[in-house]
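There is one chain below, alone, in structure tokens, taken in the form predicted alone.
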């Protein structure tokens, strides 16, 4: 730089002294606000998120430096990534310039005086300005649903644009542009922790301290009885849950993915997190936050969630919305504030161990028409313990499919048995309703039955049970979904097919198999081996659309104002492909979609079938015998 910008006089004061005054003021205000926010987090309940530091560093590098989830929305993904890296580059160069300006005797040049640095800054300035143009055009002309359009965001974009322009124009007015650049950054520093862009500061920490346990484990690391009792006040959440609010970018990705939001239920995951954030700041710093449940977040919002994890799958800053919602539910359950249908279901779980209110002695009644005795794993050793689940055991619409699965296992030479009346509901949805104590009771009773049985692995046809058994029981044996077992049997040549099935079908990925446990391919491989012509839905694999049954919603009534139930939306999506069959691998999916086919007017146009049915149809005649 031809003339050192700090070796000038500004209203009679040396430039370096002005820079010192501005810097001390800006960093002082920033530090005070940061200290306030950290103080709020420190008032949250403890949670251990300091383990596995190596994994945390790798997660940080992936989701902060590369931000792959941003690229899920291509129109803004790359521009946002460029804006982020432009921010990083300019923070580095700002600090370089600041140190040089504050201590003008240092024998180092300004970044603009280093050719490579100057070229890099100008190149990034151009890329970032283009990206800003795309972002502004998107906000004005085609904003996606649930994107927060606020003057706050516009101000931030304007400040970033000023920074880029000052860099590009520094060749013409070097001193003026340098001072405008520095003052803008210092103002940005003061404003940032008070604005929606607080997420720029908080989200890297949010990613670093993210959950490293299985996604399907709803327990709290280092938790206590007070945590599992629920939260009705801001400081009854863990510090990490409070951090989620500070990290939210208000981009609306979670809302756009949420089936409850799409269906018209009074839930927006983004709003839950944002409301918790605002309530925390108001109640923690201003003591006028009102009641969290009721005044800030309504009970209808809390109960609308299907716990499908679409929101968490899409969130670019790795927020954990479902644990926050379940934490609110735990309090409501403890207070008895829930729908009558839900109370009845929980009472059935407590008394009978299932939601149907049926005797445990009737749990294996479905086996009677088989004509042969299914082994009792408590009385004789088996290789596979089949955890059948409530719906597959008790729902009359599913009993024949359950028998077909048993025949299929037998035909393939699978050595399996069941627990008969010793089985209870796995408790997956009970836990997500918020009844932690009942979940633990069901889990303990099932584990007691497991201890009486001899087996090498567990197989289940229910993804909900699969998730609980695999991730929340602490078992030492493998847990398989039946699609995984069938896939193994096909690969081993124990299931062979006579001819191509000839069915043109699409497959629905269950939430608790896919997003929760990252299992997508086994069922597809089995269907293809059976000769099924498989057509993928637009929303498949990790973007699969929820049937609406999870999180206890299957036992709740729909609220007024619902536009279209999730299951109806899903069967319409399948039918639009021109297929004749929608294949499911979850008992609840089959029940929900069969009902939806009727209410959506698709009877005779779309058939709902379980994976087992298509396998049976394609087996060689000898295997069927």
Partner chain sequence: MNILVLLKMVPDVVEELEVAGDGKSLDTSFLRTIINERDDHALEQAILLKERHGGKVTVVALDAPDIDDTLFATMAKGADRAVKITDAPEGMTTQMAAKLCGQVVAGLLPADLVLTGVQALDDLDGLSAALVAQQLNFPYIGVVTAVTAGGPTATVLKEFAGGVRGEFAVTLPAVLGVQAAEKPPRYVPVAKVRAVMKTNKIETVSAPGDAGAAQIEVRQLAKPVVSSHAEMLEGSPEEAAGKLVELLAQRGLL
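Everything numeric in this text was worked out from a predicted model, so none of it was measured. Positions refer to the first chain, counted from 1.
The following text describes the form predicted together with the partner chain, which does not appear among the structures shown.
- Here the chain stands by itself, but in the predicted bound form one stretch of 476-484, 333-341, 247-255, 403-411, 333-341, has heavy atoms within 4.5 Å of the partner chain.
- Contact between residue 77 and the partner chain in the predicted bound form is not found at the 4.5 Å heavy atom cutoff.
- Using a 4.5 angstroms limit between non-hydrogen atoms, residue 324 is distant from the partner chain in the predicted bound form.
- Using a 4.5 Å cutoff between non-hydrogen atoms, residue 228 counts as a contact of the partner chain in the predicted bound form.
- Residue contact check for residue 441: one or more of its heavy atoms lie within 4.5 Å of the partner chain in the predicted bound form.
- Comment: the partner chain is not present in this chain, but in the predicted bound form one of 357, 290, 502, 538 has a heavy atom within 4.5 Å of it, namely 357.
- This chain is displayed alone, yet in the predicted bound form one of 437, 174, 144, 264 has a heavy atom within 4.5 Å of the partner chain; that residue is 437.
- The putative spot formed by 52, 62 and 67 is not touched by the partner chain in the predicted bound form; no residue has a non-hydrogen atom within 4.5 angstroms of it.
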